[in-house]
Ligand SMILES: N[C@@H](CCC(=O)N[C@@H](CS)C(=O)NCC(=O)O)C(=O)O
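One chain is shown next in structure tokens, namely the form predicted alone.
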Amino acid sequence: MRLFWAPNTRSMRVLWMLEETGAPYERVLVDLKAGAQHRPEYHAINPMEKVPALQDGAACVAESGAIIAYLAEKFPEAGLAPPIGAPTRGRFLQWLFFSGACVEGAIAEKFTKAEMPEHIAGFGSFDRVFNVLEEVLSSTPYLLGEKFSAADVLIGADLHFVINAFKMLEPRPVFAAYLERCQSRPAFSRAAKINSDGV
């Protein structure tokens, strides 16, 4: 497997997920400043010309949530996704889609100071998105209950960036406790070191 990535991007989510699986992979640095994402060979892997992207033999996957879902299913022994048919499978998929459909929209709204009526925006509003996450994490240590999953990789990374990196959201005790649980995982530490070293 080859991960096309760049430091301090959404690649951190997939780095963390790959480290959670324990599977071997190669990192291919995409030099965004030099425009490497626009080269035809990378366009063939991810036509959106963004990072991250994953190449696994003949399979190419882009979009963080899709990559994380792909890896969770490829490595079921890692226990990062409920099996098909499990009662928690629906919520697992919900949280994977929630990141791209709701968190990303909420961040864009806040960053651009765009005002969109809540009944029109698919994500509702910035406050609604994070209030929903606070509500679920107030009653359980992880999104699916007692067990950490790939959904926590995605949402945990989102919360880390929104609160710690972008400073777009005031720290809330529920989120601080959740992030502490997530970031105490050895896989997160390894991914964070790769991300900060940039190699």
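Here the structure is a predicted model, which means the values were calculated and not measured. From 1 onward, residues are counted along the sequence shown.
There is another form of the same protein, the form predicted together with the named molecule; it is not shown, and what comes next is about it.
- Stretch-level contact analysis of 60-68, 142-150, 128-136, 168-176 against the named molecule in the predicted complex, using heavy atoms and a 4.5 Å limit, identifies 60-68.
- Although the partner is absent from this view, V51 contacts the named molecule in the predicted complex, with a non-hydrogen atom inside 4.5 angstroms.
- Though the partner is left out of this view, Q55 does not reach within 4.5 Å of the named molecule in the predicted complex, counting heavy atoms only.
- In the predicted complex, no heavy atom of L29 sits within 4.5 Å of the named molecule.
- Looking at T9, you'd find a heavy atom of it within 4.5 angstroms of the named molecule in the predicted complex.
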